[in-house]
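First, one chain by itself in structure tokens, the form predicted on its own.
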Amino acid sequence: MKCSVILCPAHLDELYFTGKTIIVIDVLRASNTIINALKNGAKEIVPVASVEFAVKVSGGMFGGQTLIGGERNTKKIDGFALGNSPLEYTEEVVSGKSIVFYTTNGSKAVAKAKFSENLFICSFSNISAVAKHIVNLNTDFEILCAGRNNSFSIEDSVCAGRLVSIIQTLSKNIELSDSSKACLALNKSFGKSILAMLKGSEHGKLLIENGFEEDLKFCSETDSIKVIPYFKENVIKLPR
């Protein structure tokens, strides 16, 4: 089982992902928002790569059963029902709904990897569940860090390192790339306190400035949710 980490998707095109098993990580905050929305009963998440496409797609879906969610530069977009705070996606708001979802980094990463054979969404909140699932698949896989504005983000890379570390404890049959080894080292150095790491990250500081400190607390929780969102036929759902 070969493991590699893509530290940022900017340099890759969509066809690179064809036939691969990919795990998308966007700790702050898209992964956690997707995970929490589906845990709270959302029917599906439709990730899109532009605001314009979000509006277009939502217009063709079934009326009151569709919400548009997401953000640009951390803030809810005018005309969207929801932002990108996982705390907004409560059962009362999202149960039974399809959610068209655009974010600056996370939804773009999922859309770029749409030709993957297997595509899963991961964060600290469901990391052990994802690790066990990957070991059971017993196939080569790549972890795609969404990054921040087409560049490296420490929180996604630390999460990737934590995921690799857990998989190593579950399986001896794993061959690590240089990027995987680097992320393991980052997790060892910065993973002792996830919340402190998030607060010290560039993206974390921006979220705090914009009033989203509670989101960082939510996103720092480890193994708090057991669901594994997967992408298939242009939507993210939970396995039945």
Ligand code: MLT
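Residue positions are given as counts along the sequence shown, with the first one as 1. These figures come from a predicted structure and were not determined experimentally.
The following text describes the form predicted in complex with the ligand, which does not appear among the structures shown.
- From the list 45-53, 199-207, 171-179, 185-193, the contact stretch for the ligand in the predicted complex under a 4.5 Å heavy atom rule is 199-207.
- Comment: the ligand is not present in this chain, but in the predicted complex one of Ser153, Ser125, Ser116, Thr103 has a heavy atom within 4.5 Å of it, namely Thr103.
- Contact annotation for Ser165: none of its heavy atoms lies within 4.5 Å of the ligand in the predicted complex.
- Mapping the unseen interface onto this chain, Thr74 counts among the residues with a heavy atom inside 4.5 Å of the ligand in the predicted complex.
- Not displayed here, the ligand is kept clear of Ala37 by more than 4.5 Å at the level of heavy atoms in the predicted complex.
- Applying a 4.5 Å heavy atom cutoff to the ligand in the predicted complex picks out Asp26, Leu28, Arg29, Ala30 from 20-34, in order along the sequence.
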